[in-house]
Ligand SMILES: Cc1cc2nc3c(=O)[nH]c(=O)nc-3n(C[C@H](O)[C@H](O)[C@H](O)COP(=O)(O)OP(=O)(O)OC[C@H]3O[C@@H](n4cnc5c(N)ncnc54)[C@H](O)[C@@H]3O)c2cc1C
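Only one chain is given next, in structure tokens, and it is the form predicted on its own.
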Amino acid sequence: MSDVVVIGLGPAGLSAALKLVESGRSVLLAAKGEGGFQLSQGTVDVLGYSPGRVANPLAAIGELPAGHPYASIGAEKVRDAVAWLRDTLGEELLVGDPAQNYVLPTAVGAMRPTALAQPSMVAAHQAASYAVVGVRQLKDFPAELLAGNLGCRAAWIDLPARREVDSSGHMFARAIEDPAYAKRFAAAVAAAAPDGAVLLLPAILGVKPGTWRRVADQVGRPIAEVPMQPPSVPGIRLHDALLAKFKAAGGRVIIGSRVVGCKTNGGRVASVTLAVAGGTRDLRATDFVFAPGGFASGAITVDSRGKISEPLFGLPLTQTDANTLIGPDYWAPHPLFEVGVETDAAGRAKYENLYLAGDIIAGAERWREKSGEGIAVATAVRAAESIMGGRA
């Protein structure tokens, strides 16, 4: 039996699990997959739009509606939670101020606000001019589209990561961990790069924190990584670092098995049921943190008739009929994505020892707001602190 079972391996689950195990709790983290960091930009969005672009996320939190996840937490607690994550991972992985957004280019040349970014990215913030270099074997980095939308020039290098004609970003990142390959890569980039104050490169500069500096030193000019489509190399860096810290602190992990049920007793969760090879296994704990994601991960489902439900614990949702919650305008607000579970001030729902964190919580359209990681970390820290403080 554990003190706490955490369900989910994304930013919320990992943050809650690490916070709890560092407090001395015995923590078991269970997840069906590797979590959502690999789908992210490898940054921490606190609040990017509300509805226009936000410069100071903490100041804008006070203007959000009462049902937003931040509203019951408050700007000060959000700041503390995001700063805890930054300081826990260290300046080789995250830099920035929760009260001031960076504005960084995406792979298609749009500019996106984010509160914390990796140090390999931040030279692109408010740069006077840019240049772009792509890799011919890396089809997911559209260098010419990026350069065209930024009004700068692009160039290409031809340098396979291995023998594949079409390698992934992660394959290139692993290759760049080899100093000999990194030296060839940097030399090719330096020779090809057009003029520009900051040189934009695909976010493939190593799977380990700090590897990018070796490339930057050899290129001999300011560079900035630009995140691409998943799997995200910067996201993998954050995931790997948090998971390693959790394990080093004594946390236990089960990955690849789905939690399929629960057993309750007198208003409390007694155990959750894990599907394993040949049967099931009950995971018992004093407290539980539920951080499974939302619609994208299947934690909230919609059936063929439009009925919305949370199938594991049967938690009450803010809406149960999806048929009127998606409009015809792609860029308009879609209330469906604000559907989730409402919690009390401690982050609990339905059961007195079940704490929620991340996308399962109602009230935010995270992709439009650019608020996903901030909500995940803030609600995860709230859940952990509620358990640590024994809040009734």
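Numbering starts at 1 and follows the sequence shown. Quick caveat: nothing in here was measured; it's all calculated off a predicted structure.
Same protein, other form: the form predicted in complex with the ligand, not shown, and the subject of what follows.
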Using a 4.5 Å heavy atom cut-off, which stretch among 28-36, 321-329, 58-66, 345-353 contacts the ligand in the predicted complex? 28-36
Answer yes if any heavy atom of residue 12 is within 4.5 Å of a heavy atom of the ligand in the predicted complex; otherwise answer no. yes
Can any non-hydrogen atom of residue 193 be found within 4.5 angstroms of the ligand in the predicted complex? no
Does residue 4 reach the ligand in the predicted complex, with heavy atoms at most 4.5 Å apart? no
According to a 4.5 angstroms non-hydrogen atom cut-off, is residue 252 in contact with the ligand in the predicted complex? no
Note which of 146, 219, 259, 228 lies within 4.5 Å of the ligand in the predicted complex, where distance is taken over heavy atoms; exactly one does. 259
Residues within stretch 274-296 having a non-hydrogen atom within 4.5 Å of the ligand in the predicted complex: 291, 292, 293, 296
